[in-house]
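The chain below stands alone, shown as structure tokens; this is the form predicted alone.
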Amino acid sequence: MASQLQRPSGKRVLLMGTCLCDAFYDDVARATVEVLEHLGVTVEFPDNQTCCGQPAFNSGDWVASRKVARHTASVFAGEQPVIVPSGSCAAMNFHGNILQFEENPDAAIDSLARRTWEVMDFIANGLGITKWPGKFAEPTRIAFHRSCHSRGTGSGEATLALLASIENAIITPFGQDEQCCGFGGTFSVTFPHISGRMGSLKLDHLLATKPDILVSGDMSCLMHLNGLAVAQGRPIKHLHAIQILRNSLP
């Protein structure tokens, strides 16, 4: 996975906005730019970017997903780090693409994999920032959901370290915290009842700790869990980790 790659860092990066930023979480993309610029990073946004190809990949349509992957590799060509505010989409670049091009390696695909960072991983392990100079106005309990796609990478520990360093932030452990939220992309469409039960179980555990905010590095997980929570009459405030960093700045 990404933690094993020799990835470039630096103060000039390309931002992959992701489909979920485009359709539902535009403020996550905005927060990513604002935080990186606060850290002195110049952010470029290629305007002809599309999807990373993961929906087709997860559905088994690798002919279509390879086509999308090649387009993405072309859009993000070069040597600059590619920053993604999504553990899921980042993992598609550096893990899913390597799998689907395993029999016919592609230099552009390999380059994209080598240069891709999930944003919190980049901040902590690329820029070397492990303490965040932020502050909550009052003690704030945070339930952090570690997404499946961030496993095997530096994203989870990076996010926890940065969140825990914010003044007045209280990380609240909950039961079965390593379990999947149940979304799984197209899995939630193909097996909605199983997906819903998995998400509901996750909610049971995390809500038992009475957190003020549910935080994750994956918008898909947040969308799934929030949708279930609202439908079940137990809504919870949810934010992407990069929004927490941005919002907590003085």
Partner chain sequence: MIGIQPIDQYARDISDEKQASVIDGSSKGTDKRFHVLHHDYPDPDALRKLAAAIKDHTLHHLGEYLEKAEKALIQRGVNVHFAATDEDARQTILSVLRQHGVTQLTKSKSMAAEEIHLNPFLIENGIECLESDLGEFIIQLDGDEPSHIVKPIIHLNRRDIAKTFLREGIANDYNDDPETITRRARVHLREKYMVAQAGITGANFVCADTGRLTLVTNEGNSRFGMAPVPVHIALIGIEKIIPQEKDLAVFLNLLGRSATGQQLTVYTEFINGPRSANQPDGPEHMHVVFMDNGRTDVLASNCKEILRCIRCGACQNVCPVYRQASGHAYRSPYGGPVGAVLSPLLFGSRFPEFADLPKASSLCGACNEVCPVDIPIPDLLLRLRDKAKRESVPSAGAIPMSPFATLATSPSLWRTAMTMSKAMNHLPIQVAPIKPLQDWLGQRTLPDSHGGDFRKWMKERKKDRS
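Keep in mind the model is a prediction, meaning the values are calculated, not measured. Positions refer to the first chain, counted from 1.
What comes next is about the form predicted in complex with the partner chain, which is not displayed.
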### Summary
Only one of 160-168, 146-154, 121-129, 106-114 has residues with a heavy atom within 4.5 Å of the partner chain in the predicted bound form, and that stretch is 146-154
### Task
Give a yes/no on whether residue 73 approaches the partner chain to within 4.5 Å in the predicted bound form, heavy atoms considered.
no
### Query
Within a 4.5 Å heavy atom cut-off, is residue 59 in contact with the partner chain in the predicted bound form?
yes
### Query
Does any heavy atom of residue 235 come within 4.5 Å of a heavy atom of the partner chain in the predicted bound form?
no
### Query
If you check in the predicted bound form, is residue 179 within 4.5 Å of the partner chain, heavy atoms only?
yes
### Message
Counting heavy atoms only and using a 4.5 Å cut-off, do 47, 68 and 183 all touch the partner chain in the predicted bound form?
### Response
yes
## Note on the structure
Looking in the predicted bound form, the residues of 211-250 with a heavy atom no more than 4.5 Å from the partner chain, listed in order, are 223, 224, 227, 228, 230, 231
